[in-house]
Ligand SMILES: Cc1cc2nc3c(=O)[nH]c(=O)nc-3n(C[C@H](O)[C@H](O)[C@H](O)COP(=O)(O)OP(=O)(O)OC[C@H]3O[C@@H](n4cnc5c(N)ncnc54)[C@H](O)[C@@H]3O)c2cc1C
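This document starts with one chain, in the form predicted alone, laid out as structure tokens.
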Amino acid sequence: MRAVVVGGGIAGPAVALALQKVGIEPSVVEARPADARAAGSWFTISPNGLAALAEVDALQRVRALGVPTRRNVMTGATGRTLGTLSLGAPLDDGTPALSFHRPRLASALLDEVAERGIRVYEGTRVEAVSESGDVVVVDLADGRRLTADVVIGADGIHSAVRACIDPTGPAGRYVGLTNFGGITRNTPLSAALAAESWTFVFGRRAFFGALPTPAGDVVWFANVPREPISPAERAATTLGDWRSQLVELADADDGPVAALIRDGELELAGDNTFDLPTVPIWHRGRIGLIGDAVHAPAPSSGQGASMALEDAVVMASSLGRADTVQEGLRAFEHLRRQRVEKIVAMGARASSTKTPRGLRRVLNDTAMRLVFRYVVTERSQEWVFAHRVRIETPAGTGDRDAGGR
């Protein structure tokens, strides 16, 4: 069986590696050329996502790119700690959650794909996906035409493959936040932050996060509540202008964030944040979807990449075990829909708490201290972090659960 995977971010390379493990021959199409994939911020892959990377034999390759991240420390605008949340028990080999610079991780995974002999078509977009008899035809913008037994859209929240499956289907929903990310290098302010932890600040004007690295740098992000940034505004605003705006927002709060932004450099600027609460149609015929293309959570969930990696393993196992492609795509949806939509809903609720105003902010801080003490606890989040998916090949013994546990 041959598969075309559309998308070379995190989900695409991972599902290509997983497909190869179950005996399916994949190729990957990535729209952006290598020199256009440098922009991006940092994100965390929790143990459930790292376990999926290990299943496709890719964790060892990328482990050194990650910063160990054992917990999230939530603080208010005054610097007072509101609560601390573990990011789950480490893997059996002791690996905790890891935070990555997204472009570096994606590049490393694509390199792993190429080294395993999987064909990668870079710098060209998919213009159409259609079924023709027993094959799927993928027309590329550069004029090439690919054929396969199955096409998997791993092309993100604005998925072209999703539009081919269901032209009337939902688009991404703007969550009311714009995203910025950067790094401050070799800064003594790293010592003011908890080690191996994201410090999150529920600020007066924006929501911030900062993570110290073992090298003495601090990576950080800002979620700013506002109307979506238009292409014209983005083109007219320099990185220096954006940084000045962020410093002004952070100056309203206690703590080191304003200084970190002032002394740092932006790696991602003016990114409108979307989620995708529910997609009625996950597959049609021999065409299916994984990752953000079918269930994009808001960044507040902390699970976007981990969900995509879980998807990769379950999709490959479902196709590998099925008698037909269509049966495999139906099995994938059956195994995944309930879990991922629950996590998307969780992320949406978290986004709504990021930037309350005035008295509501004071009340919010009080309520959140109670929430993190009694409601959002390590035990209550175990269903997220302790979940494990497994590769099951057609010749498997049946003792490995592709759906997870």
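All figures in this text were calculated on a predicted structure; none of them were measured in a lab. From 1 onward, residues are counted along the sequence shown.
Below, we refer to the form predicted in complex with the ligand, which is not included among the displayed structures.
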property	result
Candidate site Val29, Arg32 and Leu268: all three near the ligand in the predicted complex by heavy atom within 4.5 Å	yes
Heavy atom within 4.5 Å of the ligand in the predicted complex - the one residue of Pro212, Gly156, Pro256, Gly288 that qualifies	Gly156
Partner contact for Ser244 in the predicted complex: the ligand, 4.5 angstroms, heavy atom	no
Heavy atom of Val150 within 4.5 Å of the ligand in the predicted complex	no
Partner contact for Thr78 in the predicted complex: the ligand, 4.5 angstroms, heavy atom	no
Partner contact for Ser86 in the predicted complex: the ligand, 4.5 angstroms, heavy atom	no
Interface segment, criterion being heavy atoms within 4.5 Å of the ligand in the predicted complex, picked from 193-201, 120-128, 162-170, 317-325	120-128
Stretch 1-29 - residues with a heavy atom within 4.5 Å of the ligand in the predicted complex	Val6, Gly7, Gly8, Gly9, Ile10, Ala11, Gly12, Val29
